[in-house]
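A single chain comes next, written as structure tokens; it is the form predicted on its own.
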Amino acid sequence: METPWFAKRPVSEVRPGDHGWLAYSGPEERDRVIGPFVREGLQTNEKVVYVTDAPADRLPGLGPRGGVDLDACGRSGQLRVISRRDACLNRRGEFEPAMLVDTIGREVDAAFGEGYRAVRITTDHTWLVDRPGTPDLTRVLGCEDRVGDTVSPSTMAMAICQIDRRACPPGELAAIRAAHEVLVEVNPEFDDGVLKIIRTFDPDGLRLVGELDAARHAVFAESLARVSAARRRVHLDLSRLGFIDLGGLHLLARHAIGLPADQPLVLDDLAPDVENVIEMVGWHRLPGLVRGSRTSPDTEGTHR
């Protein structure tokens, strides 16, 4: 498998200097990435700058149970919600990349003087690619390059650029993705150093990394039950699962038997060792499990 030049990082591991990218497939994925990004900054000595026309109480992933007093953070200046008009639109209402770069630079400089240890910046660029009179791709990419030049050398600033992958043609999505150094994804649902379980959204499912043995059957079963609760077809990305024991296969089979006939559990990108174990057992002995794609979509919205 070709090794990508960019880094992939759970949202809680984004750090100063990261020019991050999130291509989300729906509100849940966006909430589970941007929510922690904003919340964790506000719960520490960091400033959050959010360029959006939405009010603070409607920011993704934040709500009354989030443990953050958004009004207080707004009054203190720790949370800066800046409208597009003020951040990046010129007098004619047109997107002006230089204004966005100036806004970021100004907010980072101010945060330094205000005593914050870091600045978290985020905005959703979907409106740039999903409206009449869309700026040409070259202009958007030029903006991303300048944002990257501002954020990447910084020891204080970190940014996540969001985009709804459903609103952007694949070619343009890949080009914009390539302008970023870090691909941001949800935090793992479980990670004990042996097995990592990560929620995926396109398609709906889980990615398993490491080894699934008897000690981890229970936690995997819980994650599988949660993601299957909505009765959607569930995919398991097994490209990085190096080992599964027979008990794990039986667990999958027991789960699959309870699924509707038209919604089997799909096993994508089987690693050779795992596929050999399944072949030895026999697919016919695992009803409800089907072999899926060998090139499942990755978190950035393109295919490996």
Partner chain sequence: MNAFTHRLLPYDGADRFLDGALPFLRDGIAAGDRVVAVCGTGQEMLLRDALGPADAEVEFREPRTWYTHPARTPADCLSAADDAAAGGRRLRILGEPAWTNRPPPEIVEWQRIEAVANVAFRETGAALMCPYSASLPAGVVAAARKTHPETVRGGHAVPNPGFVDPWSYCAQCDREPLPAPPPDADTLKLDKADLYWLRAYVSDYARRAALPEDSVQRLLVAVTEVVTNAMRHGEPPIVLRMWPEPDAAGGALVCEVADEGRWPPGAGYGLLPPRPAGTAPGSRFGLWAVRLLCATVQIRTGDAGTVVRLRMAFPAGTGPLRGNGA
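Quick caveat: nothing in here was measured; it's all calculated off a predicted structure. Positions refer to the first chain, counted from 1.
In what follows, reference is made to the form predicted in complex with its partner chain, a form of this protein that is not presented.
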query: In the predicted bound form, Ala253 touching its partner chain (heavy atom, 4.5 Å); finding: yes
query: 4.5 Å heavy atom contact, Ala54 to its partner chain in the predicted bound form; finding: no
query: Proximity of Asp69 to its partner chain in the predicted bound form, heavy atoms at 4.5 Å; finding: no
query: In the predicted bound form, Gly242 touching its partner chain (heavy atom, 4.5 Å); finding: yes
query: Residue stretch of 253-261, 55-63, 232-240, 29-37 approaching its partner chain in the predicted bound form, non-hydrogen atom distance within 4.5 Å; finding: 253-261
query: Contact test, all of Ala118, Glu181 and Leu183, partner its partner chain in the predicted bound form, heavy atom 4.5 Å; finding: no
query: Stretch 183-201: residues contacting its partner chain in the predicted bound form, 4.5 Å heavy atom cut-off; finding: Val194
